[in-house]
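Provided below as structure tokens are two forms of one protein chain, presented individually as structure 1 and structure 2.
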Structure 1
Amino acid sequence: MSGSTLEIIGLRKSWGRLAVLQGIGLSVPGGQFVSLLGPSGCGKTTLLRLITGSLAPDAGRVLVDGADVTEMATHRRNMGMVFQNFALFPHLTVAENVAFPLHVRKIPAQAREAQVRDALAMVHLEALEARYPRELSGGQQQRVGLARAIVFRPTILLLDEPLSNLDAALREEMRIEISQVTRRLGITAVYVTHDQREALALSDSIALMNRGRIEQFGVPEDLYLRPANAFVARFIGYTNAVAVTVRPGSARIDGGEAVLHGIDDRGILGPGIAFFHPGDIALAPPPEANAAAHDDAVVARVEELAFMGDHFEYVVEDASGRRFKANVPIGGTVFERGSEVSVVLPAGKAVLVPRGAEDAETP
């Protein structure tokens, strides 16, 4: 079984003068797991509500399997949804909650019971079918929510931050559960989250949203290795940024002599930003103590250091006030607070994005 296709064309939605979605287009092939990733207020939940029909768009269309559902009432769309706060019916038992969509669809009792049993088995809750939601833990409640959302084989499964009300250990477990269930059913899933690790781990593709627009849509590796702009790079987890001027094959760090040789210039020439992971940055003794100075290094002073068990976390600052975070494995030289270090920025690990007007003051 392969899931339904979902196509979103030019969706717009405003609350009064505030434009929440400014023309969203998105095409999801059948059976794909797509995440809508972005900071709170970026419009991702609004987009989800427009897909379910809980909200009506100002403009644009939503197509499922090529059929326009934009004007269709929510309850006719045949979609499943998992909610952030579970949204289980408090007056119904676990089994009754899961049976709800089947009752609505007038499935005969025998088939209904079998389907409920299957769905509960899929989320490992067979034993709790007679309980009420308030008698379950958060993780169990969310599994009921998942079972309820898939029991009727919806065209599309929507998940609205389903892990954010769970504690860390459960989140991991539930994430795997969601991944297994959706892949087993081959269902098309749209997953809303603000956590980039969840999105990276779960998704076939990710739409990274910001201020009502999609900044980048692609497979996780793409977003991670080839972010379209500084916003994407930052949101996906790059913490160190330096303003550079890019030439073919190299980039000179602005406000200094250091040059990153052999960088992947991605065709960006002129002003750019180079991003680095803290784990990729190395610290070395300062140049005067070390004759073979790197010309890809920046001289800085140690502001903070913290022992994190398997590594030291450094915060260093150079003369122009630029800060870097570096995670240095234990076992090497330890630099004290206030001491001078040379920050080695490995060109091969740099991720380069073009520098736009809005990024002028960023690094």
Structure 2
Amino acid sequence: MSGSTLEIIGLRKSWGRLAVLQGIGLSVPGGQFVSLLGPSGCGKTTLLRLITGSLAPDAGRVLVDGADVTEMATHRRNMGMVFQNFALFPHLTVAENVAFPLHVRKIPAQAREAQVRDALAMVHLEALEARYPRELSGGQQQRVGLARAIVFRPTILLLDEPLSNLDAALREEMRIEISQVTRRLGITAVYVTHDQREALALSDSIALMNRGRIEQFGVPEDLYLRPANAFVARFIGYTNAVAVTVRPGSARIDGGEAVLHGIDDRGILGPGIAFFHPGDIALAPPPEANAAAHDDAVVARVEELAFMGDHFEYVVEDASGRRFKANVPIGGTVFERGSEVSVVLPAGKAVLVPRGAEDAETP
């Protein structure tokens, strides 16, 4: 089995006056694992349905290995689908559920049995082939769904938030399972999720969507380390944002005296936003109690404090109402609620993006 190339050209879809997809373009090489990431309502599931053919676009084309399949029936596209809600037939056994796509394709019995055995072995369910869905755990049911999606040897596998109905431990287990199966088969995979951690862990490339458009498409490292704009930075996990005025090699925090020296200005001059991950922010005693005060720090008050096992999670607020979240490892000073602290913003960890009109109110 080998993966097909997938090309999306100018796909548009509207429901009445609501534009769900606004000219989406995307090129997926054969054998790549690509995630469609974004908040609820951004259009990622609609895009998946257009790829499968269960929904027709208002404009644009879908190409598989260079052939236009936009008007081709779903069952002729040779695409497997893994659903969020498992979608198993309750009256069929595990083996019968997995065999169903082969019956539809009129595969002879002997070949059908061999393919079912292979698919079940790939997801480690050979011993459960005679059970019914009600006798399986959630993770086992999703494995059956995965086996059913690959049993007829598709060249493209589509997965619509397949882990969202599982608990945390099962999500981790199934994430590894999906990664192993898709890479072993060399299949092209398109994975829909709103969880950035899943997308970062699984994907060769990520298309981060917002309001029917792709904000950034690239390898996970690019999205995380070089977000294209403020939306990407926030969504990928940089929850701390400060408005700054950028000069070559430095950025002054607006409304204060703090300066981020040695910042990677990325060619941005003038208004910008500096983003910081909670794990990159440090807390220190306030300036009056700290002889070596930082000029890359702002003074704030601890509003919330939570013990998270391997770190403390702080929420602090400065005099201008800016809030920061800091994840501080266990072992250092513990600052109580209501105490004053210096919030140290390391320039080397900052991710800088231009400030657009929509970001004018960023604290």
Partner chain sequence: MLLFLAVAFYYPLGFTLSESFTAKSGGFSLAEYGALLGSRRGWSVFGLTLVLATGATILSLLLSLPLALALRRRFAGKAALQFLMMLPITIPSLVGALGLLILYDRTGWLNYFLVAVLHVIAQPIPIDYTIPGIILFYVWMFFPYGGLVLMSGVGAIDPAVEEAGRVMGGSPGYVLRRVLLPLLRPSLVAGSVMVFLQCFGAFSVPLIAGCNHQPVAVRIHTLATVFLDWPQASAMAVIMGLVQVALLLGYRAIDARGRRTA
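Think of the rigid core as the biggest set of C-alphas that the two forms share within 1.5 Å after superposition. Computed from a prediction, not measured in an experiment: that's the story for all the values here. The first residue in the sequence of structure 1 is number 1, and each one after it adds one.
Original post:
Which number, 1 or 2, marks the form predicted on its own?
Top reply: Note: form predicted on its own is structure 2; the other is not.
Subject >> Core-fitted comparison between the two structures - CA shift at H311, Å >> reply: The shift comes out to 2.4 Å.
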